[in-house]
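One chain comes next, on its own, written as structure tokens: the form predicted on its own.
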Amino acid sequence: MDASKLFSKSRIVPVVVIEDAAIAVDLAKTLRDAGAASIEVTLRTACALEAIELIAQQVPDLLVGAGSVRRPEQIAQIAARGASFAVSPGATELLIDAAISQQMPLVPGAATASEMIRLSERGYQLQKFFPAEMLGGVPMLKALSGPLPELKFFPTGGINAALAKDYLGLACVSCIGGSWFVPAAMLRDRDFAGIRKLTVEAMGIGAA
């Protein structure tokens, strides 16, 4: 259940932490209207599953997935709520087996060449590279792509507007995940106009 083809419409995926499910639909519509084609809702809050379900039901033209997936049972939970993909900071055999069982497209995380090769053996050509900046960022991905030319990466972690273009300029990078254009303070204040402005700017980087 490789997710390589899911992010072709937009190369920048908003990665969001939703503390209040009541804002989920407004946020999703804001991101969609600003040019985003997908949204990754991280499973870091008690309301994350509810937020995913609301977005899947009420904003069907925005591809919604779950991030920070780390336990096999979460795959079934997000599938039941309407998620279209899962993103994990790492990967285990149990997690991969659960994704295959549920037919859930998964972007498994890898930080080393050995992890990447093992995931490739399981059929995952698109892999999350996290935390991207702390792992060496653009230079590290350039180095890894030499001996692993068949792999594509979805780097997240520490990427901002100033760094986005460099990541997207790499042939081995399919898309990047970012949260700099959905600041926590703006979410708390429900400043959707501000989020829309920042998202339009961010999507412009992805389209350049």
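None of these values were measured; they are calculated from a predicted model. Note that residue numbering begins at 1 and tracks the sequence as displayed.
Note that the form predicted in complex with 3-phosphoglyceric acid (3PG) isn't included here; everything after this is about it.
Although the partner is absent here, Tyr124 is not a contact residue: none of its heavy atoms lies within 4.5 angstroms of 3-phosphoglyceric acid (3PG) in the predicted complex. Looking at Ser174, you'd find every heavy atom of it more than 4.5 angstroms from 3-phosphoglyceric acid (3PG) in the predicted complex. Interface membership of Ser179, defined by any non-hydrogen atom within 4.5 Å of 3-phosphoglyceric acid (3PG) in the predicted complex, is confirmed. Although the partner is absent here, Gly35 is not a contact residue: none of its heavy atoms lies within 4.5 angstroms of 3-phosphoglyceric acid (3PG) in the predicted complex.
Of the listed positions (Lys29, Arg70, Arg44, Lys142), a single one reaches within 4.5 angstroms of 3-phosphoglyceric acid (3PG) by any non-hydrogen atom in the predicted complex, namely Arg44. Only one listed stretch (143-151, 58-66, 156-164, 45-53) carries heavy atoms within 4.5 Å of 3-phosphoglyceric acid (3PG) in the predicted complex, and that stretch is 156-164. Along 110-136, a non-hydrogen atom within 4.5 Å of 3-phosphoglyceric acid (3PG) in the predicted complex is carried by Lys128, Phe130, in order along the sequence.
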